[in-house]
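Here's a solo chain for you in structure tokens, the form predicted alone.
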Amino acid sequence: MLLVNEREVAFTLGVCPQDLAARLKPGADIFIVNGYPVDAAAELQDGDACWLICRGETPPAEEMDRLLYARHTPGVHEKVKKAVVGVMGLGGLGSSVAVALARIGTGKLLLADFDVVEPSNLNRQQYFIDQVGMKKTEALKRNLARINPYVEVETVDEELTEERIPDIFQNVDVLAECFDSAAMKAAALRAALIGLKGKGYVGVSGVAGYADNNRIQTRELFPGIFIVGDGETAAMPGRGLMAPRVGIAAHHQANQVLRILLGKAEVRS
């Protein structure tokens, strides 16, 4: 048996990638076998995993779905693809959280920010230099489409308030708080506790600088309400926000969002 583009295909002696392409994917011009590029006429062995690729082509939705099912296991991916996750703030944390969630095939992302991409953002945020001056909502939506065009992305281009947060995010399963402002972090937490009861929530406190990686931790404040960070290192002169440590925290957030979606949210406080 061969695995061809994540589908099982009967093995026949002497078969090569160009034979499979003629049958299954005409026009394929890149052939990957067991993780390595091979010639079109390379002889395949029983049990090989083969990818037939048309250079520059976006994999169709069905093929992308099979790939994610195979990587995540069907039970996990079924929950992820049905999930709706909100992200408040699309800076270093929020843009990285959104990228991670798009890569795992989250069904829908609701992204909120009112800012534009500035040159100073590029040291840690998931934007490109030719996007300077664009709205972050628009720029990130474009970038996520290049990663996984089958994730639904809805954007909210406004400055969030404590009063508006429950209205905007009432239909999400989990909400990620990714603000820079301490005041907005507190406002978002209050909004979640009062206006979004029963929703999963993952906030952040203390991710600046380049302190010990392992000080970034995830704590449960209340059932379903989590805070990521060391709780101390705010940005200040001489201790800025930098891609490595912000990225560690963002991926803690994204993984905690995933754990909530999968019903495995409990952590030691």
Partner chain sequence: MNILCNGEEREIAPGTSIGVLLKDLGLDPDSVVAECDSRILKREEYDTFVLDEGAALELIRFVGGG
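Numbering follows the first chain given and starts at 1. Computed from a predicted model, the values in this text were never measured in an experiment.
FYI, the form predicted in complex with its partner chain isn't displayed, but the following is about it.
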Open item on the list: Please tell me whether the candidate spot formed by M134, A145 and Y150 is one where all three residues come within 4.5 Å of its partner chain in the predicted bound form (heavy atoms).
Closed with: no
- [ ] Go through L68, I216, C50, I227 and name the one with a heavy atom inside 4.5 Å of its partner chain in the predicted bound form.
- [x] I227
- [ ] Sort through A42, A234, I30, A211 and report the residue having a heavy atom within 4.5 Å of its partner chain in the predicted bound form.
- [x] A234
Open item on the list: Tell me which stretch of 102 to 110, 151 to 159, 80 to 88, 174 to 182 has a heavy atom within 4.5 angstroms of its partner chain in the predicted bound form.
Closed with: 174 to 182
Task: Heavy atom of G200 within 4.5 Å of its partner chain in the predicted bound form - done: no
TODO: Look up in the predicted bound form whether L122 has a non-hydrogen atom within 4.5 angstroms of its partner chain, and give yes or no.
DONE: no
Task: Contact test in the predicted bound form: F222 vs its partner chain, heavy atoms, 4.5 Å - done: yes
Task: Residue contact check: V117 to its partner chain in the predicted bound form, 4.5 Å heavy atom - done: no
- [ ] Just give me the residues of 59 to 96, first to last, that have a heavy atom within 4.5 Å of its partner chain in the predicted bound form.
- [x] G92, L93
